[in-house]
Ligand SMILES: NC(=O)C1=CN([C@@H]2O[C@H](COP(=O)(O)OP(=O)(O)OC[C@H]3O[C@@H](n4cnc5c(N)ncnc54)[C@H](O)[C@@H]3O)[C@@H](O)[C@H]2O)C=CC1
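A single chain comes next, written as structure tokens; it is the form predicted alone.
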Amino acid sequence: MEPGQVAIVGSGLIGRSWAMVFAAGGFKVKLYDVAQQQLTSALESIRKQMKELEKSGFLKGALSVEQQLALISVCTDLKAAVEGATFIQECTPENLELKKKIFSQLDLMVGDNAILSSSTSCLLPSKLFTGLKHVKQCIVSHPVNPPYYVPLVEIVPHPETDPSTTERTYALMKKIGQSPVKLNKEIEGFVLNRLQYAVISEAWRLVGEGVVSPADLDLVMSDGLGMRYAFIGPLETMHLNAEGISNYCERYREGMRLVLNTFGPVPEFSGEAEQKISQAMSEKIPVVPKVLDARREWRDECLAGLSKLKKQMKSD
């Protein structure tokens, strides 16, 4: 898909980040929201972020900040926003009825060529798109927050999505510098959140049962597993930690099964464990907007630096 025009429906954090990613890839972007003030705020935020990224050397794409900003325009009229767009990325709040309403409106506005894509992190395509006239052109493109710094995009088709829609979406994501993965079928939580929730669940149990403190639990991931997983996944880790997968299973299958059989039921994520973890996290990072925002900025700087390092290592 050659650089053309895309529409972003919703100008919150995810919508803004998508707009920046597409502009970095040379695409004209129409950013839609219902309130002009929200759009004005979004543009100000995008400009500020781009300037900071340029200053730190982490700005994506070959275009300058001003050239990228010139590609982004805003609109409070949904029909005008999607006119001429070959790809429409919905970024509204995670509410099924709201998203279905948006897609039913878009379904009446688009032709037979535009792709209708959702940023949803957990709503199944069959719940979002079933019954739409253009269901073959509908797909989920779930980014990782924030998409500008974390390139993974899960591409999840509806059972009736045309294969060409999946392929075009995959090619587009590659073109704008993201790392798309294709799911062959829909499943609750997709892949990223299923893996994430499995880790969160066991982390919650370990802290709740007094095995380890919240701070040390996070250290196990950030200075342990996370360092490997930043470059290779769990399956390749198995492969390299023995003489291949089969040898790993031969060595460790019984130990793995023994440990896994001791895992408890799914936690309630409430009660004493919640209080304990909340207190520890709040002591480390007080729940104050300025403090949280500062920590998020630090996180994003770390992610940008890691992304740059990974790109350099791949090119080497």
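Just so you know, these numbers come straight off a predicted model, no measurement behind them. Sequential numbering from 1, following the sequence displayed.
What follows is about the form predicted in complex with the named molecule, which we do not show.
- Looking at residue 143, you'd find a heavy atom of it within 4.5 angstroms of the named molecule in the predicted complex.
- The closest non-hydrogen atom of residue 155 lies beyond 4.5 Å of the named molecule in the predicted complex.
- Contact annotation: residue 94 falls within 4.5 Å of the named molecule in the predicted complex, judged by heavy atom distances.
- Using a 4.5 angstroms limit between non-hydrogen atoms, residue 10 touches the named molecule in the predicted complex.
- The stretch from 60-68, 255-263, 272-280, 31-39 that comes within 4.5 Å of the named molecule in the predicted complex, counting heavy atoms only, is 31-39.
- Within 4.5 Å of the named molecule in the predicted complex, a heavy atom is found for none of 114, 134 and 169.
- A heavy atom within 4.5 Å of the named molecule in the predicted complex is found for exactly one of 173, 110, 124, 102: 102.
- When the named molecule is considered in the predicted complex, only one residue from 181, 212, 220, 98 comes within 4.5 Å through any heavy atom, namely 98.
- Along 119-133, these residues reach a heavy atom to within 4.5 Å of the named molecule in the predicted complex: 119, 120, 121.
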